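So this first bit is one chain, no partners, the form predicted on its own, shown in structure tokens.
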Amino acid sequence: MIRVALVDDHPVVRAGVRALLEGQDDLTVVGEASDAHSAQQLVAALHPDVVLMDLNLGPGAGGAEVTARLRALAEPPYVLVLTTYDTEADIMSAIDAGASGYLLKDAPPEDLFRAIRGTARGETVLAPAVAARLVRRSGPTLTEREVEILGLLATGRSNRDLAKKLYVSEATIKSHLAHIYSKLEVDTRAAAVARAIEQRIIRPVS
């Protein structure tokens, strides 16, 4: 029996996923959490095999940060991200944090079941759209720092603000921006942000 924990800030989503999983003979939901703190408490107390993790958990730590914390435990669970977000920044932050898989919430139930079983076996499980996005990174790709800067640019921060936020000099920021412009084939900050959103490298600022 594969023991699964659900981490999502929407009760309706958790209830729906629980109903789906409990219809499978080899899957059981051992607990639910809605935020970072309750997720860590749940895993420490119940030791699930697989944690289904949303990336947006409301105020506080997000799913990628919680994933990193869970994977740092002495007996870490496998983490399978289940989310609506498919930008490169979201995918890479989750994978870098230690997630074993990344699935989108519009996946058919059978795909979800297979993904959980594969994750429990220690396999890497990626939604087709996610795998395709990673394959497309084979061209001139942005570094993690460049993606981070793009995300901050989208909030309207100045070079000085970026330098303070990232603890680097303004000259370093200008160098990063030059590389970003070159890779995205643009020549302004606004165009870089627009291209990054269009290519689903970063999320639009809500």
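As the structure is a computational prediction, the values presented were derived from the model and not from experiment. Note that the rigid core is defined as the largest set of C-alphas that superpose within 1.5 Å between two forms. Start at 1 with the first residue shown and count on from there.
There is also a form predicted together with the DNA; it is not shown, and the following applies to it.
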Discussion item. Considering non-hydrogen atoms and a 4.5 Å limit, does the DNA approach residue 159 in the predicted bound form?
Written reply: yes
Discussion item. Whether residue 168 contacts the DNA in the predicted bound form should be assessed with a 4.5 Å heavy atom distance threshold; does it?
Written reply: yes
Worksheet item: Is there any non-hydrogen atom of residue 175 lying within 4.5 Å of the DNA in the predicted bound form?
Response: yes
Worksheet item: Quick one: does residue 145 come within 4.5 Å of the DNA in the predicted bound form, counting heavy atoms only?
Response: yes
Worksheet item: Want to guess which of 176-184, 27-35, 46-54, 63-71 is within 4.5 Å of the DNA in the predicted bound form, heavy atoms only?
Response: 176-184
Practice prompt. Please check if residue 28 moves between this form and the one not shown, taking a CA shift of 2 Å or more relative to the superposed core as movement.
Written response: no
Discussion item. So that I can tell if residue 15 moves, could you say whether its C-alpha shifts by at least 2 Å between this form and the one not shown after the core superposition?
Written reply: no
